[in-house]
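Heads up, the chain below is alone and in the form predicted on its own; it's given as structure tokens.
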Amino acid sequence: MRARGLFIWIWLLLGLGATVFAAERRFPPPEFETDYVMPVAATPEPRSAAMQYVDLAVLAGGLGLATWLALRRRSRKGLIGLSIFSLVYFGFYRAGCICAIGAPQNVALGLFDNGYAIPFTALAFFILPLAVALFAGRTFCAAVCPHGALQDLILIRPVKVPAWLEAGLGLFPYFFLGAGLLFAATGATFLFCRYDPFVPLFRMNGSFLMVGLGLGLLVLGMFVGRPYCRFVCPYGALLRMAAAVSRWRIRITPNYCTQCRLCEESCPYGAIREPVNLPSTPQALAPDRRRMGRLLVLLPALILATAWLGSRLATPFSKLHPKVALAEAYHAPDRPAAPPPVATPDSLALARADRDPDGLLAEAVAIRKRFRIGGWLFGGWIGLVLGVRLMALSLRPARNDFEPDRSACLACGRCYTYCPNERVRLGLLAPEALPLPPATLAQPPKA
């Protein structure tokens, strides 16, 4: 019944998106007055409307199947099979386009650029995994995302990342998310796609730098569990926030926890949290409360300080926008007086700027103003992330058993078969071999 309700929510969101965002912008190639030849596009050709609906159906079906395999069927083998399919379909067949990781950029551009109509596919790929995460956790990461599937399948000898290092590196996806949305909203570039390390591997082309970065992450991923998902992925940051309040979540044991710690040892992603016994008196909690109070008072000052620092980055950031870069090149004092004998893209752009230099300058000034506003917002976001992370260190939620962290758990199912109770459920272990529940051990023997 719950799975049926989840599918109803998915299709309602699809219908809403189809009604609101049915148009898609098309840009005709420029007409050159010379013999310049357009380069071969490195991205796949746009799919027909019918095939885009096929992609959405595969995404929705994959999310539903991953949720059922992770939460109900509790099948690690099933998740592996779905991961292989997702890697082949969304990775190599669809060449990583369109993907949920890049979709937030389309949403940001659509919100701040009246001349851009977000493609329906991009909107749906953005919404669906987040909607599922709100109900059932990060099952998209479990076996539907090709980036995560690729890293999960190559992990052969995992090593533990120290908690302090993971906490520090875990901030970068939020910073990357803020920067990517800033550059997308101002129309400068799509950072998530530009610096995606795995799409060049899926497409079998790309710059030497990005191909090398992708191969390097794969080598690292043989020993460190999903380094891109945990320490880089901006969409993963959104999924973490959605999964933190999810209605359902992964549960390691189908019965009581034996406190054997096997699940903690089996998780290569550091997502298992150990039991926490809170102090029994209010006096013992006083230091934590005082620290939380000081952080709440300092949070506005931190946000304001980082927002000001972000505004200082507006000028260098704006130079990544093509219009601003062209305006600076056009008005540069060392600009060549005559065009080169062989036309280049830069020389052709400067020649077109000659037709309306004042309009180009006015547009560049307007773009830089948007960057200044966006810099304040980006800096404030950084301060908010830092403040919330510091406050999280003061929170100690009570836990009686070993449990997966809702936001950090990738729903991979690796911990299932390590639990003795799960092995009993599967018929792999005799019930008599289990230790008694901790509550039973604490009770005095009956007379």
Partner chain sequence: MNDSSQPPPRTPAAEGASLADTLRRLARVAAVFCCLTGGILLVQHYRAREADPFKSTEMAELKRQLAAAPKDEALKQRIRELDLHLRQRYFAHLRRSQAGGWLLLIGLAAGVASARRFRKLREQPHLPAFAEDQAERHLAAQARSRRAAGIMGVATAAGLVALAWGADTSLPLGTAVADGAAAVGEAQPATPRLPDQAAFLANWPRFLGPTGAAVSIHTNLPVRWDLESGENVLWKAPVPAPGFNSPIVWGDRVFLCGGNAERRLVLCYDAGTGALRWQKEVPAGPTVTQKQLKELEETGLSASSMATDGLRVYAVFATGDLAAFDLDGRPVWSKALGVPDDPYGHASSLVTHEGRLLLQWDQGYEEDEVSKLSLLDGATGEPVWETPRAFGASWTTPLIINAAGAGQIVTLGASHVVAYNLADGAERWRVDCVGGELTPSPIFAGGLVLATSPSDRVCAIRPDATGELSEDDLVWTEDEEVPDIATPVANEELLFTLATYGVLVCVDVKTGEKLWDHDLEMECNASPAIAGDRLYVFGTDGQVFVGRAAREFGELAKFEMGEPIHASPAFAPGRVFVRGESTLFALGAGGKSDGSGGGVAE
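Bear in mind the structure is a predicted one, so any value in this text is a computation, not a measurement. Positions refer to the first chain, counted from 1.
Separately, the form predicted together with its partner chain exists; it is not shown, and the next lines address it.
Of the residues Ala364, Cys229, Ala307, Leu82, just one reaches its partner chain in the predicted complex with a heavy atom at 4.5 Å or closer; this is Ala364. Shown alone here, Leu155 lies within 4.5 Å of its partner chain in the predicted complex, counting heavy atoms only. By the criterion of a heavy atom within 4.5 Å, Ile382 is counted among the residues contacting its partner chain in the predicted complex. At a distance threshold of 4.5 angstroms between non-hydrogen atoms, Phe172 is in contact with its partner chain in the predicted complex. None of the heavy atoms of Asp356 is located within 4.5 Å of its partner chain in the predicted complex. The candidate spot formed by Glu264, Leu313 and Ala392 lies fully in contact with its partner chain in the predicted complex, as each residue has a heavy atom within 4.5 Å of it.
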